[in-house]
Structure formats: C-alpha cells, structure tokens
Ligand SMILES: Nc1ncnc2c1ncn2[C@@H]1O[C@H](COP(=O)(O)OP(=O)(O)O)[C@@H](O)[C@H]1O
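To begin, one chain is listed below as structure tokens, in the form predicted alone.
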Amino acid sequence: MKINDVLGLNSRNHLYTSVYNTRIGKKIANSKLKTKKVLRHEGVRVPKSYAVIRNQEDLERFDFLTLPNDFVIKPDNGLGGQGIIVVERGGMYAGEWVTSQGTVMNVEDLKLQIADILAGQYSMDDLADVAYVEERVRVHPVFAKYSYHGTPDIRVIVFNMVPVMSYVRLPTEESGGRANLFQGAAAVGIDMATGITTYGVHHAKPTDFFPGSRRKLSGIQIPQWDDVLETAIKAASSVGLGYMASDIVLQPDDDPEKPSTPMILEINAQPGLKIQIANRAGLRERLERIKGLKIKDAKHGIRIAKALFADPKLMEKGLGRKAVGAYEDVEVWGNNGERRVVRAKIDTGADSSSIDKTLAGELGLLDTDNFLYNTHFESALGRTMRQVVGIRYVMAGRKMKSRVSVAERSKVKYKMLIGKRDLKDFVIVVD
C-alpha cells in the first residue's frame, strides 16, 4: 500500500463527505430510526423493531414481558457501540434475560439502561436521546467459528454507486460480543471481486488468526456476496449519500436450504478509515478511479468494483490461480528431451496459443507423432493454414499440457504467445 493512496481524515471530510453527501442524507444517517424508516420504505431489509421508547412515560408503560427471548436495545443517536445491550436468551425466571456477556438482567436493570439512553449518556451530541428495541440477528453458520457471543457485520463503503472497499468485523471476548473495533473486535478485509476474506487486523495490527485461537481469518467465503454489495448500493441511493458505509448482517433462514437475508444494521456518512489497514489498500486511489463515472444501476456498479478492485494475491492464493504479467518466462519441454526457457507474450485477445515454427522444430514439436491437425487462422494479414501440435510447458510454476498453432514468428520479439485457452487458471496483473 503506497502512502499516496491512503485516504486521511481531512481528505475524507473535505473531498468526499462534504461534497457528495446531502444535509438531509447526513441527518438520516445520524438517526438509526430514521435510517430504518427510509430503507424500509425503499424495500431495503432492516431488522424488525419491537418498541420505540421516547421518554420516561413510554418507559413506564412498556411491558417488557412481551419481548421475545432474544433482542437488542440501542440508542438512536449512539456512537461507537456504546449503550447497546444484546440479549441472547431468556433467564431462569420470567422477567429475566441473559446478555451476550453472560450478565443476568431483569426488568429493572433494562429500565435503568434505557433511562440512561433517554438522558443522553450515549448520544454523540450529548443530548436527550431515544431508545429502541429490535430483533437480534443470529450468527450466520459461516461465522460461527469466528465470533464470540455476537453477530459479525460486513461494512461496505460505497461511492458513486460503486462498492469500493469492504471488511467484516468479528466480535471477540475482549469486545464483549460487539462488532466494534474500538472495543476490541477483529476485522478482516474482503476481496471485492470474490467476497473472500484476505487480511486480518486486531487493534490496528495485522493478525492471521481470530484472537485467542488458531483459526485463520483469510479464505472465508462471504455468502451471497453480490446480494450484500447490491444491498449497500441500494441503501446509499435510498438515503441520498454519495459517499457512505453500510453495516450489513446476514440473517440465516430457519430452513438451512434457503439463502440468508442481507439486512442493513446502520449506515455511516463519515465512515472510519481503518478499513484500509484490513485491505492493505488505500481508499484515495480507489475513489479517484471511479470519480465521475456514469453508473447505470447497482449491477453495473458491482461489475466495475469487481473489475477494478480485485486482489491479485487473493486470486492466486485463495482461488488456486497464479498471477502472471503481460510477459512471462515459459519453460517449454521439447519432445526431444530438451527444455528451453522462452519469453512469452500474454495475449487475452488471442483465443489460442502459438509458437514460432523454427523454435518448434528445434524442440521436436513438429514430429509426426506430435501433430494434431491443421486449422485456418484469421489475422490482420489474412487467412492462413497452420499446424496445431501438442505442447508441454511450465508457466508461473504451473505445468501446462496444451496445444499451440505453429506460426512464422522469426521477425517478432516474442517467440511464443499465450492465448485465452491457456489462461483460465491464471489472473493477469499489469503493473
């Protein structure tokens, strides 16, 4: 990651949030209840609300025994995950509940917590606030091994209807089951092209494992990745924010055969910048690449994100694909036992590979028993007939068994050309 590619606090505020985010959009983002109302109206899924408590009278009237066994209490205008109570299950007796931290709370305990919220103890503006109770999103099975008594959320930063960067935040024992990095949660970057996790971070330092375990954080496939990205783009369009982050959770269906449901937990008009550490990539460079692009719809934005922001190392390591450049040294195995290293050109515009006729002859590739067939070949010089022969070679450490057309390449720099048919298991990286 180059220092010039990194987005800083001042650049974020002056170049993006103040320019691309409307005042109304910011006002909606600062209220979780307003966000839920707008998104629900636009057909974007959000967790179900059980109650909204605006004042002391509402608090005294509310019957806590009508709540299900698991739920979440939140401040409407909270900051940094403060003031949130996550209830995992009912307690031993009626009117008791057990939180994600293992604390047993009764009705009076919940009332005290909500009273603090109403008094503005957790408000970002230090003003009186509103409390609400919503459904608790269960942990998706994919994250079961990487979460401590809490639900991971997937943050996606969207700019100009293009998802530019993402990571998943994982609750830990230190964070008390909350997916909040300041409280000790872990985070893992996500490759935009594949939805596979890449680099782990804990307390802003790189880590390969989930805290307190030997479970590797890289290589996790995020379910329904395209649906997650589309949900983030729809949220940005619905609220009217050009640059924002969506925090998304996957609610698993009771039927394991059915797909989970991406839901927006909340949105952020001034998202934090630690996401760059988890992706080992700078936001500034990505944002500048898509500034001013005309995006037709969400699917168009997703296609652009996958094309521009794929992680080549992830493609090589996570998907079993090797990375190659525009030109590669290839070791060709001749039928006569000779092995020769040839500088080859990588050409995605060509369907098949080709080799110089003289070179092929020197390596015994033109022997009768290696001949496959003749084929017509179209080029800028017209239509010609070429021999197709079998070939074995090694490129980027991978053994290849293929076929090549034999061409007159004595006057060109590269004696071998690698076409699309031989590039299916590679990702091409051009510096």
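The structure presented is a predicted model; accordingly, all values stated were derived computationally and were not measured. The first residue of the shown sequence is 1; numbering continues from there.
What follows is about the form predicted together with the ligand, which we do not show.
- By the 4.5 Å heavy atom rule, the three marked residues V137, D153 and D247 all count as contacting the ligand in the model of the complex.
- For the options P259, G120, G81, G240, the one in contact with the ligand in the model of the complex, meaning a heavy atom within 4.5 Å, is G81.
- Of the residues given (G334, P271, G177, G195), G177 alone sits with a heavy atom within 4.5 Å of the ligand in the model of the complex.
- Although the partner is absent here, E88 lies well away from the ligand in the model of the complex, with no heavy atom inside 4.5 Å.
- Contact annotation for E230: none of its heavy atoms lies within 4.5 Å of the ligand in the model of the complex.
- Although the partner is absent here, L265 lies within 4.5 Å of the ligand in the model of the complex, judged by heavy atoms.
- Though the partner is left out of this view, V72 does reach within 4.5 Å of the ligand in the model of the complex, counting heavy atoms only.
- Considering the ligand in the model of the complex, the lone stretch of 296-304, 145-153, 88-96, 210-218 in range is 145-153 [heavy atom distance within 4.5 Å].
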